[in-house]
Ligand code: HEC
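Coming up is one lone chain in structure tokens, specifically the form predicted on its own.
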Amino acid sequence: MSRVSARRSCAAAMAALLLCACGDDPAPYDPGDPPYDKLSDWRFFRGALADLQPSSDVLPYTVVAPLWADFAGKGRYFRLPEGGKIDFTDKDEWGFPEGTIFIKTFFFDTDRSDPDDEPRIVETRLLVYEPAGIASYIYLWNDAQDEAERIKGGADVHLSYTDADGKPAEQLYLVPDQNTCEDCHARDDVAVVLGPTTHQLNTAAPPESEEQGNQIDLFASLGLFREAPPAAASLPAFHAPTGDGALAERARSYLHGNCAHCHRPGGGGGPSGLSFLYWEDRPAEYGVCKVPAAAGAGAGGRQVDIWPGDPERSIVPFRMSTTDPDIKMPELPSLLADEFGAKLVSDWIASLTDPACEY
């Protein structure tokens, strides 16, 4: 079977898991004690590794408002320990038992003018619930796309591809070092997972999947929760930033998915007082007429984070749009600005009717 494309892998994996139609799981195998040097030794996937077809104990999932990662597509999976159950919450991260592993694979289109091209897989990141807390491990894929080796110090990956206009192009992509994972995943100095929340997971399984339905309802039907949550239809959810929902809801969802891991109480940007939590309902807290705590050149000559009705006078879209590593937001390892996200947030700011800032 050829490698699964970035847009089809998660859907195909979900269908395979639920229909049990992908063949046998890998045979019993003892590679030693984790963390393993090779991704294949974890036995997350069956068949050719690059096909990303999960073993029967590995579940694929998707999120509503993904984090921008320099055009990377992502395959998301998790594995619970035998008998392990999820503790449901309607806000923030669900609780997962020791032994849970989250698996996120990053891949790039090699021909961005062809929606059906074969992507290049670059890295796979693991978050493992260990006795001392959540540990991170990073695996760099080889050129043959048949194995990924564990690295600790990060890597610079030069990607050659065909751009949307059919012209050859190149991109530098930074694989982070193992220790920098905590820059995004730490809250009050404790590592947390970011994607598995009700707002992010309260969405339909990928449309290509033969098994349709809401992910939360699906997980409940599989008996994954310690106590079954309410039906997903009654639970809060983000609005897809690329969807056709209300502008404010889409922009606030984007800001939560891309910024609130840092800009929130307990996050790295918490001391700034700027909170991009989706459920923050105080305009001054999410930046309206808020003077930054310490922006310097990052302010771009602007006085407040969000000037209602005027994105050109607002710091937030300015920092989202620049590629200056000393100014841009989000910070490294991303190198490129998300033009879509910056425009979405700018359009939302332009629509705000709050009173003008008094400066």
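As the structure is a computational prediction, the values presented were derived from the model and not from experiment. One rule holds for the numbers: they count along the sequence shown, beginning at 1.
Unshown form predicted in complex with the named molecule; subsequent notes refer to it.
Checking L39, V63, A50, V58 for any heavy atom within 4.5 Å of the named molecule in the predicted bound form turns up a single hit: V63. A single residue from the set E118, E147, E93, D177 has any heavy atom within 4.5 angstroms of the named molecule in the predicted bound form; that residue is D177. Contact with the named molecule in the predicted bound form, defined as a heavy atom within 4.5 Å, is made by all three of L127, H261 and P330. Contact between P283 and the named molecule in the predicted bound form is not found at the 4.5 Å heavy atom cutoff. Remark: R319 counts among the residues lining the named molecule in the predicted bound form, judged by a heavy atom distance of 4.5 Å or less. For the chain shown alone, F108 is not a contact residue for the named molecule in the predicted bound form, no non-hydrogen atom being within 4.5 angstroms. For R302, no non-hydrogen atom is located within 4.5 Å of the named molecule in the predicted bound form, even though that partner is not displayed.
Residues within 4.5 angstroms of the named molecule in the predicted bound form, judged by any non-hydrogen atom, belong to 263 to 271 and to none of the other stretches in 263 to 271, 161 to 169, 237 to 245, 218 to 226. In sequence order, F102, I103, K104 are the residues of 84 to 105 having a heavy atom within 4.5 Å of the named molecule in the predicted bound form; the partner itself is omitted from this view.
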